[in-house]
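Just one chain is shown here, as structure tokens, and it is the form predicted alone.
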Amino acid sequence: MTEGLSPSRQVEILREGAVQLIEEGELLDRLERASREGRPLRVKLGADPTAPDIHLGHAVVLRKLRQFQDLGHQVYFVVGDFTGRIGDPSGRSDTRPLLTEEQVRANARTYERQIHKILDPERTRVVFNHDWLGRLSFAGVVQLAAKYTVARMLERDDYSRRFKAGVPVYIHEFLYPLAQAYDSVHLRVDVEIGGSDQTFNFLATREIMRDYGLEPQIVLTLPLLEGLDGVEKMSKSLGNHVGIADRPQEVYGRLMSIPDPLIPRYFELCTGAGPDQVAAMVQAMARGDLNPRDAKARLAAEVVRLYHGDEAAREAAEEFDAVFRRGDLPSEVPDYRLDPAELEGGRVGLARLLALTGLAASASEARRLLAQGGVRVDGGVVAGEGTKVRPRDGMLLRVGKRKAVRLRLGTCTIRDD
């Protein structure tokens, strides 16, 4: 814990790693007043439950929130069970699909459990914005909408690009930043933090809070973490994510797959490593004193340790070495019971079977894996795209070294048609 530090020292700690702090002088002033009044700052993070898992990209912001808590401040984690049904247009080239109430609630149920892997439950208030936005009358919505102009909305790149390209921008999308702003109005927030893609929404909130006669919130934005592909930001919908509640072995294995240039960035944003430690590691790799694979192993072990503990990190590292260096099977191989209705004359196309069992995302991906020789049936490599199998109880399907499924049905004969 770091409570009791001077306001100026708190500002130094909080701005570390930030993309923007708007405005630093306002934060210092707010901290000084809060100290005199003997109260914590109210710090807000909003998260729409558009998917059930919190991943390492979210954790960048959550770890900054934990710094606020360690300095003695109160976090308001706003679950967007109302705004999540609209969908945040930030970074989108099209309209997000509207989620059902059931989808949003199902996703929201997992959030509280996961955030407490990082946040202090004693200093975290989890609130749901349907509690106030759902009660807002149509007159209240009109009053809120009257506080922001269409011209200002169209300054937002996401909207202007779509408008110029003739891609529809729907009225409900304009309501999203207004609804997000009203969260801060309702909670009387001192500070809001989030990814750098939220800057437009946060600045709009500052203006709207002024119009409601409130002191505008301070804005602190953080970097967006690139996903495992090293190109797009981390996102569950893109499949380039690492969930903090994933199995330790899965977290470890996925982090071992990141491109080498991402190693310093992941150390900086996903672990407690300081700038000096990261710089020393980069220099060691440049000199050839540190192999990138060993650096990734350190990274993977540290991330697993943060969210699952020391023992889980050790076991995940041992299993990774066993699977990738000795060719052993993963410790958990799920069964897949094949429905006889999926068989044609007792056989089934292997590409289709890989898709059915989840070893490939689609039949087309399965055909690519087969063409590359990345598929094994009972230990033997199968390279023919048109291969069919006759299933047998206990037949082992394997893609690469980390994915495997054991079938439960029939007998197996491999043939090429």
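What we label the rigid core is the largest C-alpha set whose atoms superpose within 1.5 Å from one form to the other. We number the residues from 1 along the sequence you see. Note that the structure is predicted; figures quoted are calculated from it, not measured.
The protein also exists as the form predicted in complex with the RNA; that form is not presented, and the subsequent description refers to it.
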Evaluate residue 166 for contact with the RNA in the predicted bound form, applying a 4.5 angstroms cut-off between non-hydrogen atoms, and reply yes or no. yes
Just checking whether residue 386 would be counted as a contact of the RNA in the predicted bound form - the rule being heavy atoms within 4.5 angstroms. yes
Is it the case that residue 390, even though its partner is missing from this view, gets within 4.5 Å of the RNA in the predicted bound form, heavy atoms only? no
For residue 292, is any heavy atom within 4.5 Å of the RNA in the predicted bound form, or not? yes
Partner-facing stretch of 258-266, 190-198, 70-78, 141-149, counted where any non-hydrogen atom is within 4.5 angstroms of the RNA in the predicted bound form: 258-266
Position in contact with the RNA when the complex is considered in the predicted bound form, options 369, 34, 62, 47, heavy atoms within 4.5 Å: 369
107, 249, 271, 129: which sits within 4.5 Å of the RNA in the predicted bound form by any heavy atom? 249
Quick check: do 134, 202 and 336 each get a heavy atom within 4.5 Å of the RNA in the predicted bound form? no
Is the shift of residue 400 between the shown form and the other one large enough to count as movement, that is, does its C-alpha move by 2 Å or more after the core is superposed? yes
For residue 365, does the CA position differ by 2 Å or more between the shown form and the other one when the superposition is done on the rigid core? yes
With both forms fit on the core, has residue 261 moved 2 Å or more by CA between the shown form and the other one? no
